[in-house]
Structure formats: C-alpha cells, structure tokens
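One chain is shown next in structure tokens, namely the form predicted on its own.
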Amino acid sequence: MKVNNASKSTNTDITNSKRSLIKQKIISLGIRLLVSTLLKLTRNRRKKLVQNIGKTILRFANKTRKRAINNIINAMPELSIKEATDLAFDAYGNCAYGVAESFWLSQVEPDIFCDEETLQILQSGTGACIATMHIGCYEAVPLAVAKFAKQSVTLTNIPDFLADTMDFYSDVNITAINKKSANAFSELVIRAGNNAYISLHCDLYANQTEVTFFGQKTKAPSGVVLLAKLTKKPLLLAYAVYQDDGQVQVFFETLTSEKLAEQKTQQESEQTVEQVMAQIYQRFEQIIRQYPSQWYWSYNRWKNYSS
C-alpha cells in the first residue's frame, strides 16, 4: 500500500510539473505575440497603449494603488490627495512602459551624459559598480554601459516563464544574472574582478543598511557598495529618464573613483557603507523630486523594522 501511495504521489508530481511547464510556455508565447504586436505600432502609439494598460492595472490593484498613494503623501505631504492619486497613476503608467521597453532594447538608443572623470571610467575597460534605480527606462543604464564596455552586467528578476526570452539582453550585449540564483552575488564578484561594469538597482527596501529617505528612516540594499569595496572598483550612480518626446536620456555620476579604504574593524566598515549609502539615497531623493512621475512608488519601501 505504501508503495502504491508513493507511486501515485510521484505521478501527481510529474503531472503537475508538466501542467506547469505547459502553462509557462503558453504565457511565454502570449507575451512574445504581444511584444510582436506592439512592435508593429509607432513608438508614440506603443507608449500610450502600454501606459494606459499600466493605469488600468493599477485601478484594479487596490493594495498596490493604496501603497503608491500613501508613499507619495508621506514623501511629499505638500500634495493634495488628488495630486498624489494622479501622480500615482501617471507614474505607474510610465513605469509600465519603462519595464516594457526591456523587451525591445535593441530599438532603444539612449542619449548619454556624464562628466569627463566618469567618461574616463566608462571607457577605461577596468570595470565599475553602478548604483541605479527604478525610474524611466529600467534597463537603459546597462544598455548605455554596453555602448562603452564589452562587459555590461546586471541582475534581473525574470519569472520562470520568461527564462527562455532573456535573449533580449544578450542581443544588446548585456549579461543578465538571475537574482534568485543562490550564487548570484558570488558571480557578480567574479565578473567585477574580471573588469565588468555591474549595474544594480538599489532603491528597493532591504534589511541591510539604514538610510534616511524622504525624511524617514528605512533600510536599503548595500550590495553595490560592498561589491565596490570588495573588488576595489569605482562606484558610480546612474539613472535613465524619458524626455517629453519619448527619448531616453541616461546620466552617469561618479561617487568615488578611489579605492575604498581598508577598515580595521567590522564596525568601521559598516559605518563606511552607511555613509556611502546615505550619499546614494540623498541623490536618489533629488532625482525623484525632479522626475516624480517616472519613479515606481508602489514598492513597500518604508517597512517597519526593529533597529
């Protein structure tokens, strides 16, 4: 009897696995067809359509919508409820398009801006760690890096059903590492050591380093700073925004071009990380205030936590 039960359980697992695989393939095919259809439209029509889809999704996503509005009100209390609500919908629509453009990166030609020192770092071929954020065209930063360097690397959170479509990164010479991978950080360390340029989104909540963001204490991922320290690479900040005509502009800034100092104790090292992260988040806030309708407001960035 036990053998029969085990056999039935195994057969059920196999059946469920097959169903899941078929479902993933159907979804993947559906997305490919959708992208193919969108690419037949002019860029302006494509943008308006995706923005409207994003706004419609937000209208029915009560939890996501409420969080976005609350985040905006907490960050910019000078806005009225109506202004915060309108901004939440505009931002969600714009971010939907910023995500969608990842599927046709080969058609995105960003304008790139940086000072002379930063340009030298990007052209040196010796690598750098780049702190970026969820604003404008999400993957425009590693795309812009690929214009200068042979090794442009980023982390992605690709769903399983899209795993076979990651060629939209490789088509534009970007190496995408799945952040769900158990050895993702170690792979980043190896690639950074081999002079790759690593672009990491670090405006999400993560229970790592305490920062002040829009006047409120929260915690942030400090992996980009730790990676720069560990590999002794320059640390840059970059972001991509859309102009009124739909053109993508990418801006690079140098945070530190010197090797981060070796610290004698763990406490001193953590203080150094906190100082750099504070600088990054201060700059993030300035950028968001300049382009509030292009930043993704719906993440739970101000979670309660024990200090």
Partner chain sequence: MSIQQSIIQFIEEKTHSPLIDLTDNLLGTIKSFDFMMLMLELEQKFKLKLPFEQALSTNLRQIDEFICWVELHDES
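Positions refer to the first chain, counted from 1. None of these values were measured; they are calculated from a predicted model.
This protein has a second form, the form predicted in complex with the partner chain, left out of what is shown; the following refers to that one.
Undergrad: Tell me, which of 211, 105, 189, 114 has a heavy atom within 4.5 angstroms of the partner chain in the predicted bound form?
TA: Checked against the cut-off, the match is 189.
Undergrad: Considering non-hydrogen atoms and a 4.5 Å limit, which listed residue (177, 100, 226, 75) is close to the partner chain in the predicted bound form?
TA: Contact with the partner chain in the predicted bound form is made by 226 alone.
Undergrad: Looking at 144 to 152, 227 to 235, 83 to 91, 121 to 129, which one sits within 4.5 Å of the partner chain in the predicted bound form if you count heavy atoms only?
TA: That would be stretch 227 to 235.
Undergrad: Even though the partner chain is not shown here, does residue 205 get within 4.5 Å of it in the predicted bound form, heavy atoms only?
TA: No, residue 205 sits far enough from the partner chain in the predicted bound form that none of its heavy atoms falls within 4.5 Å.
Undergrad: Using 4.5 Å between non-hydrogen atoms, is residue 168 touching the partner chain in the predicted bound form?
TA: Looking in the predicted bound form, residue contacts with the partner chain do not include residue 168, since no heavy atom lies within 4.5 Å.
Undergrad: In the predicted bound form, does residue 222 come within 4.5 Å of the partner chain, counting heavy atoms only?
TA: Residue 222: contacts the partner chain in the predicted bound form.
Undergrad: When the contact criterion is heavy atoms within 4.5 Å, does residue 273 count as touching the partner chain in the predicted bound form?
TA: Answer yes; at least one heavy atom of residue 273 falls within 4.5 Å of the partner chain in the predicted bound form.
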